[in-house]
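Form predicted on its own, single chain, as structure tokens, below.
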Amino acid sequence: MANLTLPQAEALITAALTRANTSESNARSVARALVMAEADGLKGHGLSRAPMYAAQAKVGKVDGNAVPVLTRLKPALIAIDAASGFAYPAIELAETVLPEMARSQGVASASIHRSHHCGAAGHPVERLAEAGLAAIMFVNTPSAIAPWGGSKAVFGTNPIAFACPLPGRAPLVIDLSLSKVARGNIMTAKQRGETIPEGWALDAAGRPTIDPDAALAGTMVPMGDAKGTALALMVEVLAAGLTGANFAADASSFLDAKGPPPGTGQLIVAFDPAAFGSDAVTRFGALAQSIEAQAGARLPGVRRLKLRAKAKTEGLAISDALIKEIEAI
């Protein structure tokens, strides 16, 4: 096990992706996202993704040199073509214009299509919250969840992320996958040669499984049973139907270098709390305090912030095998 500082980890990923037919600016964007996820303890979206990203960039499943294109559709609406490149540069482009638009119009939205895996969806909305906005992000992903009562995957794990500012402290951030657990957790178990807990996934025949390979070939168990699939449908409509992205069933896997670009989508909606005239941020803070005042209760994201702070001072513990795999790219 090796210990890397955050800048060292970013440099490692940037250099590897640059060797894998990716522009330096795009490689840096991806590296920032993967390292932040790793720091937050979200290992399924962290450095383990680098070899897969590199393999896809080498064969053109993701265009490592793509430059996202922004089109202004309405005063409060932009569309971004990620151009079959990495999602991170397209999302960062949206972040450069959403704050100004939201403050001007009260609400602003960015739709992103021809996109790719966007990692930890909580990070973009967190950055918007740090700019004083409330934001929600809908993400569609390749098929992984069957409709309730069905057996064929139609929806992705379809994350929803939300963040809002709180007075004098870090924003409230909620980031959840609509499967019982994120698919990245199964991928991590596979890489470690571990089994998964029963209840996470079903095999291709619809039977419960603890084998990560069988789980990846099958479907994920939705969060909240039928309610989870209803939410996944909602996200599919917003993140793919509305944006013009591929529906989950038409998107190729994020996990291998086979097939065409996934072409998935993201939708970000940002709100300016000041535009609503209700001293909203103060009210957000009061609500947060009322939750934390209860014994045993905590706000979502507290563990993530603690892990991030620790990573900034102590670095990241990364397996020697993963570092060698990344260095070999």
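Predicted, not measured: the structure shown is a model, and the values here were computed from it. Each residue number is its position in the shown sequence, starting from 1.
One more form of this protein exists, namely the form predicted in complex with a further copy of the same chain; it is left out here, but the text below deals with it.
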**Prompt:** Taking a further copy of the same chain in the predicted complex as the reference, which of 93, 181, 257, 170 has a non-hydrogen atom within 4.5 Å?
**Reply:** 181
**Item:** The unique member of 125, 87, 215, 240 whose heavy atoms fall within 4.5 Å of a further copy of the same chain in the predicted complex
**Value:** 240
**Asked** Heavy atom to heavy atom, is residue 290 within 4.5 Å of a further copy of the same chain in the predicted complex?
**Response** yes
**Request:** Indicate whether residue 199 is a 4.5 Å heavy atom neighbour of a further copy of the same chain in the predicted complex.
**Result:** no
**Asked** Quick one: is residue 106 in contact with a further copy of the same chain in the predicted complex, heavy atoms, 4.5 Å cut-off?
**Response** yes
**Proximity of residue 297 to a further copy of the same chain in the predicted complex, heavy atoms at 4.5 Å** = yes
**Item:** Within 4.5 Å of a further copy of the same chain in the predicted complex, all of 53, 120 and 139 (non-hydrogen atom)
**Value:** no
**Prompt:** For the chain shown here without its partner, which stretch in 282-290, 59-67, 30-38, 45-53 has non-hydrogen atoms within 4.5 angstroms of a further copy of the same chain in the predicted complex?
**Reply:** 282-290
**Complete:** Restricting to 61-95, the residues within 4.5 Å of a further copy of the same chain in the predicted complex through any heavy atom are 73, 74, 75, 76, 77
